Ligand SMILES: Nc1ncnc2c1ncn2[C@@H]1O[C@H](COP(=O)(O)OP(=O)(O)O)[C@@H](O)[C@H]1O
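Single chain ahead, written as C-alpha cells, the form predicted alone.
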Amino acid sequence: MNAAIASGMDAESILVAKGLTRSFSGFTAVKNVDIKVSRNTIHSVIGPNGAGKSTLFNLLTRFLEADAGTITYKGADVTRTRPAQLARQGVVRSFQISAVFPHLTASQNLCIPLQRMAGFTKVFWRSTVCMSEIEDRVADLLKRFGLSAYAHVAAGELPYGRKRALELATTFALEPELALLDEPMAGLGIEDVARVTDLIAAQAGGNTIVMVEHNLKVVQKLSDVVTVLCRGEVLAEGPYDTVAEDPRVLEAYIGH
C-alpha cells in the first residue's frame, strides 16, 4: 500500500471529478458523484451490479458525455476533452473485452504503441523498421509481463490469461501517468487472476491506477483507496478494511 495513504498524508491529486451525473432515457445511472484520485495510488471502484461503475468509468475516460459535473486532470478541466486527446495527455484505459490485434504476434502488438511514442506513424506496418528501433523495449515489456515465451505467437492464439497480460503490457507501454483498468480480472481463472494481480501490483510503484473490479480479494490486495457505488451514488470511500465493515456496504452487497 502507498506509504502516503497509509500514514494518513494527503497526496497530490491527479484526477478530480465533481458532481458527475449521467442519465439514460430518464434513468440516472450516475448521480452527483465526487471522486478524487491521488498520484501513485491504486484507486478501486466497486459496487453491486447496476451500481453505475461502468458508466462512471466511461465518464472519467470521456467515452461518455456527462449531463452535469466536471472532470479535472492535473489541474486542467478535461470535461469536454475527446478520448484520443485525453490519451495523448497521459490517460490510457483498458477494456473488459481484450483489445489486442488477434492476427499480430505479441511483439507486433507491442510495436504499435511503442512506434506511436517514437514517432513512427508513417511506417505503421513496417514491423522490421519498428523492431530495429525499439526491440529492446519490446523485449523488456515481454519479460515484465511474463510473455517472453509468447513473443512470436499470434495474440488470438494466446491463452486468455496471457492475452490479458498482453493488453496490460500494451497499456503500460504508453507510459501513462494515469491508467484506468476496466475489470482486468474478468473471465480469468484462479491462476491467471493471481498472475495478473501481481502484474498490476508491479506497475503501481510509478503509476497511478484507477480500477473497476468485481473480485474483492483482488481489490483488497491492491487498493490504497476504494470508492463504493450503489444506485449511481457514492456509498462509502476509504481503505478497503474500512469500507468492508461499513454497514451500508454490507447492506448493498449481502442485504443485511
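Predicted, not measured: the structure shown is a model, and the values here were computed from it. Start at 1 and count along the sequence shown; that's the residue number.
The following text describes the form predicted in complex with the named molecule, which does not appear among the structures shown.
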item	value
Residue 54: touches the named molecule in the predicted bound form, heavy atom cutoff 4.5 angstroms	yes
Contact flag, residue 50 vs the named molecule in the predicted bound form, heavy atom cut 4.5 Å	yes
Close approach of residue 29 to the named molecule in the predicted bound form, 4.5 Å, heavy atom	yes
Segment that reaches the named molecule in the predicted bound form - one of 216 to 224, 191 to 199, 65 to 73, 41 to 49, heavy atoms within 4.5 Å	41 to 49
Residues of 197 to 216 having any heavy atom within 4.5 Å of the named molecule in the predicted bound form, listed in sequence order	none
